[in-house]
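First, one chain by itself: the form predicted alone, in structure tokens.
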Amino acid sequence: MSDVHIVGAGIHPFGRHPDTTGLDQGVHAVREALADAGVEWPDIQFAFGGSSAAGSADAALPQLGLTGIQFINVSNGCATGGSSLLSGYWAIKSGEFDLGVVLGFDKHPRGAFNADPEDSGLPRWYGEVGMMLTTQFFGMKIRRYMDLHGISPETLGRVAEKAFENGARAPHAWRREPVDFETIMNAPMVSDPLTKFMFCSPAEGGAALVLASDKKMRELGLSGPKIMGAAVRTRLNGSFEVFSPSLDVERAPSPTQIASKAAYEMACLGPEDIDVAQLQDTESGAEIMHMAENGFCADGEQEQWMAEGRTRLGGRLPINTDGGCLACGEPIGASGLRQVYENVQQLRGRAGDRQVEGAKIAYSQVYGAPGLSAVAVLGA
């Protein structure tokens, strides 16, 4: 089995682009990734990609070139990008292919996501009474977590403050201005305890990566981070996930916990080995909970971590160095690949004034409805 490397990375800035289709943003990202790797589209043997609201990802083919390539569309909620990456990783790891592309793009309308309960196997009344409203679910989930583990509202505010500080340093971020702590804390409440600056917004953008086998990488004279571990896992009986109709008395591990464990085992590493991490931060509470679920701290320790600035640039473990979903927004098809794009920049020393000094091992985790998580560990 071959090692798999990321030899090219491209991105279309996230945000709002009224004159550019989601598809065009995806094509832009692919062309940028190809240029970064110094390869041409006819050299590419396969592609995996996804989009939730901007059409099928393989609609990029007429613009990129009709070469007869194997292209498979991927759909896995907000974890679509992470799932596309895993698919490409498997394609090369198996020995079937040597060079491929994974891409994701989206263009969502303004306003909150409007999920259909029947798409997740739930009765229509579940949505009619408001239980599909994700802002409400996330608010209730983090409120319970805060009460159980002693997390203060101020800690949620520090997550958002950090996100906007980092986003101001990232050319591909949507929100590129810092927002001060007092403004965040005093902003209108959306779903208690989360104010409007503690939520990400549906957005637009595209991201793409060129993957190569170790042999092909050396043959082409390229270099790039190695995918040391990658895993996607779904929920168990007893997991409490978005769109869960109830909370079990006996809780099971979350999809993030089991995906994280699998990826660490593949990489022969542990949380203590990670230098920089990108975690799903649909809202501030998600980052807090995912810090523990990915093994970086115990439940409740986030309070001290945030107060001491351990997750800021220059801290013990910088998290969401490009501002995460809070600063970049969330185009579903592209979001998970945006995390990996950022980690590639960090490991190649190309992250500018958000660079984590000496970063050698990078981690990404993206969470999707109705309860799945994709994790990837990269090594320089």
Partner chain sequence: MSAAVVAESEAPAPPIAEGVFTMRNGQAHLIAGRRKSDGRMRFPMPTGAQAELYEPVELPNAGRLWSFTVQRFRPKAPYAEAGDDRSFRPYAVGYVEFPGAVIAEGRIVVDDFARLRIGMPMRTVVEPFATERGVVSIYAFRPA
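Residue numbers count along the first chain shown, from 1. Every value quoted in this text rests on a predicted model; they were computed, and no experiment measured them.
Just so it is clear, the following notes concern the form predicted in complex with its partner chain, a form of the same protein that is not shown.
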Gly127, Pro178, Gly295, Pro253: which sits within 4.5 Å of its partner chain in the predicted bound form by any heavy atom? Gly127
In the predicted bound form, the one of Arg143, Lys226, His149, Arg169 near its partner chain [non-hydrogen atom within 4.5 angstroms]: Arg143
Using a 4.5 Å heavy atom cut-off, which stretch among 238 to 246, 83 to 91, 203 to 211, 302 to 310 contacts its partner chain in the predicted bound form? 238 to 246
Though only this chain appears here, would Met189 touch its partner chain in the predicted bound form if you measure heavy atom gaps against 4.5 Å? yes
Is Asn114 close enough to touch its partner chain in the predicted bound form, meaning at least one heavy atom pair within 4.5 Å? yes
So in the predicted bound form, does Leu133 come within 4.5 Å of its partner chain, heavy atom to heavy atom? yes
Would Pro153 show up as a contact with its partner chain in the predicted bound form if we use heavy atoms at 4.5 Å? no
Taking a heavy atom within 4.5 Å as contact, would all three of Arg110, Pro123 and Gly139 count as contacting its partner chain in the predicted bound form? yes
